[in-house]
Every structure is written in C-alpha cells, then in structure tokens.
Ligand code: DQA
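The data below hold one chain only, encoded as structure tokens and taken in the form predicted alone.
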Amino acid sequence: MKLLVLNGPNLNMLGIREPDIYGKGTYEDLVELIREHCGTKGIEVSFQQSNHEGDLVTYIQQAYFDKVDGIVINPGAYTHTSVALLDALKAVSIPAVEVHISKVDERESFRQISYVSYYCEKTITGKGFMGYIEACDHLADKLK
C-alpha cells in the first residue's frame, strides 16, 4: 500500500509559525513520526510540501501515475480558496483524508470553508500531528 502525505503552504514552518496554535514540533518531526508509524504497518509513504498551489495540483496528478492508493492532505490556507485542489482530487479519484493540525472550526470565520472537503471522505482537525496518524490508519483500514 502506498500513501502520499501532501502539505500546503507554511507547513514547512512548523515549530516556528504560531507555536501556540501549531505546536513546537517541526515539519521534519512530523515526517519522521508518520514515516515511523507507517513503517510499523508496512505502508510505503511519500511526502510532498509546497507553498505553491500549482505544485500541489501536480503532486496530486502525479500520485495517479505513481499508483498511490491514498492521499493524506493538509492544504493549509488553500483549504479555503482552492477549487483547483478539489478538481485535482476529483480527477484522480484516489481516496483522500483532509487533516488540519489546529481546530479550524474554532478559528476565524473564513477558515470555516474547505473546498477539498467536498471530495475527501473524512476531515480530521485539532489533533495535532496525531491527526495525520489517524488519517493514515483510516486509509490503511479502508484499503485493506
């Protein structure tokens, strides 16, 4: 089983950016946590992060050609603005779970809309890095 963990803008700044909201763990810490967890379950996992919307669309499209079985996506701020990410997910028809480190539903009103949620089968918010683990487990259970 192959999963892609895709992270959008500013997630490369974890540990620096608003640690009161996102915690003190770095992006590298997040990748290592997921890699170790997936390794214990025999899941092949790859990671991509970009601050550019078009790159994220390309990564989603490439997942189709790479025969990825599931996508864990944290689109960052593009959650609330990107129909392009939604359309890319719909185009490839790969099962996907949306993850947010913070409780976006308790934050600013503009963060209440998620375009990718129209495609994703599940949205996990407010569980910090463990939300990614839950998303990986959900996809692994579904794809067995």
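We number the residues from 1 along the sequence you see. Computed from a predicted model, the values in this text were never measured in an experiment.
The protein also exists as the form predicted in complex with this ligand; that form is not presented, and the subsequent description refers to it.
Participant: Give a yes or no on whether each residue among 2, 67 and 90 has a heavy atom within 4.5 Å of this ligand in the model of the complex.
Facilitator: Contact check failed for every one of 2, 67 and 90.
Participant: Just to confirm, residue 45 within 4.5 Å of this ligand in the model of the complex by heavy atoms?
Facilitator: Contact with this ligand, no.
Participant: Report whether the minimum heavy atom distance between residue 57 and this ligand in the model of the complex is within 4.5 Å.
Facilitator: Residue 57: no contact with this ligand in the model of the complex.
Participant: Can you check whether residue 77 is within 4.5 Å of this ligand in the model of the complex, heavy atom basis?
Facilitator: Close contact exists here: in the model of the complex, residue 77 approaches this ligand to within 4.5 Å, heavy atoms only.
Participant: Might residue 85 be said to contact this ligand in the model of the complex, defining contact as any heavy atom within 4.5 Å?
Facilitator: No, residue 85 stays farther than 4.5 Å from this ligand in the model of the complex.
Participant: Among 114-122, 77-85, 29-37, 48-56, which stretch sits within 4.5 Å of this ligand in the model of the complex, heavy atoms only?
Facilitator: Among the listed stretches, the partner-contacting one is 77-85.
Participant: Using a 4.5 Å cut-off on any heavy atom, which residues of 17-54 would contact this ligand in the model of the complex?
Facilitator: Residues within 4.5 Å: 17, 22.
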